[in-house]
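A single chain, nothing else alongside it, follows as structure tokens in the form predicted on its own.
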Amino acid sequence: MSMVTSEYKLNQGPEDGITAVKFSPSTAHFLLVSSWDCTVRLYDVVANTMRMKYQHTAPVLDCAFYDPTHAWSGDLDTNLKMHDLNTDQDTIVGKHDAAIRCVEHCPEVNVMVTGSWDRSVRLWDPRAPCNAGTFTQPDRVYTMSVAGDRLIVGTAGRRVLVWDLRNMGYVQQRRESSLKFQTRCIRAFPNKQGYVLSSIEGRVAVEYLDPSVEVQKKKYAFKCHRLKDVVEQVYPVNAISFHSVHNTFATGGSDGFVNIWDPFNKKRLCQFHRYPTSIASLAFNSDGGLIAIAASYMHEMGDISHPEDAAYIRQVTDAETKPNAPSASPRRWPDADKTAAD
């Protein structure tokens, strides 16, 4: 398929809600898609073909590449699976005591990390593969992101924990989200200096890991994914993905919109057209030329009829993703604030 169209829907998409889209860190055109239909699918997005799919016994809540030929995925049935994408062979690596919500790879320490509703994070040695430790969290794990050798964990109760993956004997930092409502997604800056956190209440916070007062003064939050009709409607911000080159980031909300933000000049760079349903997951590829967009109903309104779940691939340009040169007095974002009052 030619890449003339700037956006297209992936063929042979999942048959139920999409939980995650994750590009290969080394191969810019390979994408994993996990779904409530109990599958993980591998796509060649340039050819728009599904290369393979493998099954779990339950809905798959997250997936990640370990290397170009191995995918890891965790399901609602508590199982963690490693799949060899060359031989199409499965290995059940281990389990949690409740659903596995998050699966991440940390290349710096060479571990796989899972976060679960059983209030724990577990580390896994991918070479064996085997469990390399279980670490209790204060509540159910909703989201996680790796920043170099640090792990940022967002749990229920608006808690955020920063762990050092080389020394899990203690929590490096315990924080409370600066947003007033439940945390939906955390993603670390590619430069590993901080992270972006989103909530169910149409807000995003830009946070820094360095605990010094000077650095902490730079943090801020802003409103987004809100539609003004007669009354302002506020939507969950479900997904965040960083552009690997420019350090800008995309957010996806239950309003069906994807926005790209310049965190340095506090500006929105662009907004894509509205998708048919909620944005459940987003991922830029390794060279920043493509973004995968999972438009998938997240049952915000209960069990009602809804548009079909689909994953889209969109070519992005520097004009959409590159920060503008800072102006002498950068225009502040609407309601950008130091905390998240209101």
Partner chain sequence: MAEGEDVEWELCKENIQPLRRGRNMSALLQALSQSKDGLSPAILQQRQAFESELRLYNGDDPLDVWDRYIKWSEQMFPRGGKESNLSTLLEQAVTRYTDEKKYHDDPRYVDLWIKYAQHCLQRLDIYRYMKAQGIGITQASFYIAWAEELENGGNFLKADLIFQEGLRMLAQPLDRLQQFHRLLQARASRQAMNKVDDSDSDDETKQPERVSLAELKTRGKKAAVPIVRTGAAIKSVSRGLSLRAAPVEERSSQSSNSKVVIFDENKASAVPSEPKFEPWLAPPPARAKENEKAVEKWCDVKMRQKSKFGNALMAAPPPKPTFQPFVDESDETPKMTPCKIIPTVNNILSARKPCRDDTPLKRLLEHQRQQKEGETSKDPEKSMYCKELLFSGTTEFSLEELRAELYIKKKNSQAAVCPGEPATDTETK
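It should be emphasised that the depicted structure is a prediction, and the values quoted were computed from it without experimental measurement. Numbering follows the first chain given and starts at 1.
One more form of this protein should be noted, the form predicted together with the partner chain, which is absent from this view; the next part is about it.
Which single stretch, out of 239-247, 204-212, 137-145, 123-131, brings residue heavy atoms within 4.5 Å of the partner chain in the predicted bound form? Result of the contact check: 137-145.
Would all three of Ala156, Gln182 and Glu232 be in contact with the partner chain in the predicted bound form, where contact means some heavy atom lies within 4.5 Å? Heavy-atom distance to the partner chain in the predicted bound form: all three under 4.5 Å.
Just to confirm, with a 4.5 Å cut-off on non-hydrogen atoms, which of Met168, Met82, Cys106, Ile200 contacts the partner chain in the predicted bound form? After the contact test, the surviving option is Ile200.
So which of Arg119, Arg268, Lys192, Arg175 gets a non-hydrogen atom within 4.5 Å of the partner chain in the predicted bound form? Only one option qualifies, and that one is Arg119.
Heavy atom to heavy atom, is Ala310 within 4.5 Å of the partner chain in the predicted bound form? Answer no; every heavy atom of Ala310 is more than 4.5 Å from the partner chain in the predicted bound form.
Arg226 near the partner chain in the predicted bound form, any heavy atom under 4.5 Å? Result yes; Arg226 sits at the interface with the partner chain in the predicted bound form.
Indicate whether the partner chain has at least one heavy atom within 4.5 Å of a heavy atom of Met298 in the predicted bound form. Met298 belongs to the contact set for the partner chain.
Heavy atom to heavy atom, is Val162 within 4.5 Å of the partner chain in the predicted bound form? No, Val162 sits far enough from the partner chain in the predicted bound form that none of its heavy atoms falls within 4.5 Å.
Does any residue in 89-107 get within 4.5 Å of the partner chain in the predicted bound form, counting heavy atoms only, and if so which ones? Sequence-ordered list has one entry, Arg101.
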